[in-house]
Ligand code: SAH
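Presented as structure tokens, the chain that follows is alone, the form predicted on its own.
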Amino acid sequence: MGPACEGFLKKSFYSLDFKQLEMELSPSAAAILFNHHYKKRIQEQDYKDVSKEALSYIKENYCFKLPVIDKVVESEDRTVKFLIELADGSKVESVLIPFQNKYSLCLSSQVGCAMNCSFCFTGTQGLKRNLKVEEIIGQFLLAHQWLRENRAGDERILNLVFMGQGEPLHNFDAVKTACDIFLSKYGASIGHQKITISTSGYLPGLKRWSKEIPGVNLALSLHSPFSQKRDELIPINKKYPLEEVLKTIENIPLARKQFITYEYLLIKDFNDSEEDARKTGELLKGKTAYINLIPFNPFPGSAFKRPELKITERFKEVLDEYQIPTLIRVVKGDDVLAACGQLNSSPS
């Protein structure tokens, strides 16, 4: 099992956002700790310019243990998949995705997932539990630590995407606090435009978004404009219909040059026809939208298949007619089951 905090009175330091920490310590001590652990990414508690009283409080009340990396798998394209073990023995996967000498880090928010999407390997696990704030933060810090030890000088994680295991908005409070920590100017200082939260359309979380999530990017798993097909792919569409989801998203305030990303998973002979493309174009025409086309990534037991490249390219051509910015996502890490929809941390 991963290390657990000792004693019932100790809380994980990595569970506290800056406001919580400065209320318990002081603004100056909180800034020093955030800078030490998140900006410099030092795990040891060797602080300078912190009062003896604050140091005593820190020692008595905070735990600094992180989850542990149980397994690392590297893809031929330099994608890295981590299997991370938590204090209770549960495990989650997160993925480092290389691009232009930098990395995006794909974070998990739950052990398993309750959404049961038919295109997603995680959905076959069912939901085990939500991740705690410190378990989300831990994925980020462990990825940095691994890069420092294994790819020295190649440690630039510029983008964070909540697109790993779980429905992020189903674990709203922990994801929100984790974002507050990532965004803090005293710590990691990751820009709002560099964090993306993906949702299958979990409406209770989307309704909280505008007032509570601090201006980060939103990505919706669309996958079909037709209700019957979307019901098959994303079962919660029956409870939270796409029409209502889109109305809620339209009320989310966007910063200048900010888009809502619509993810469209292309599945051979299911949702990859010209009719599907034109209906999608009509649905999103005129919206502040950006479309990611994702060729399906096979996983054990799935009956779905990836369409041919020419079909994917034709789908994009149709969407281009509607003047919607569209990108075909390059598949990375699929040789080690690290690509979109392939994560699964259940015992093999």
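No experiment lies behind these values; they were computed from the predicted model shown. Quick note: we count residues from 1 along the sequence shown, nothing fancier.
One more form of this protein should be noted, the form predicted together with the named molecule, which is absent from this view; the next part is about it.
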{"property": "Residue contact check: residue 155 to the named molecule in the predicted complex, 4.5 Å heavy atom", "result": "no"}
{"property": "is_contact(residue 312, the named molecule) in the predicted complex, heavy atom dist at most 4.5 Å", "result": "no"}
{"property": "Contact test in the predicted complex: residue 265 vs the named molecule, heavy atoms, 4.5 Å", "result": "yes"}
{"property": "The named molecule contact in the predicted complex: residue 199, any heavy atom under 4.5 Å", "result": "yes"}
{"property": "Proximity to the named molecule in the predicted complex, single hit among 217, 139, 171, 221 (heavy atom within 4.5 Å)", "result": "221"}
{"property": "Of 82, 103, 162, 182, the one that lies within 4.5 Å of the named molecule in the predicted complex (heavy atoms)", "result": "162"}
{"property": "Residue stretch of 30-38, 294-302, 313-321, 64-72 approaching the named molecule in the predicted complex, non-hydrogen atom distance within 4.5 Å", "result": "294-302"}
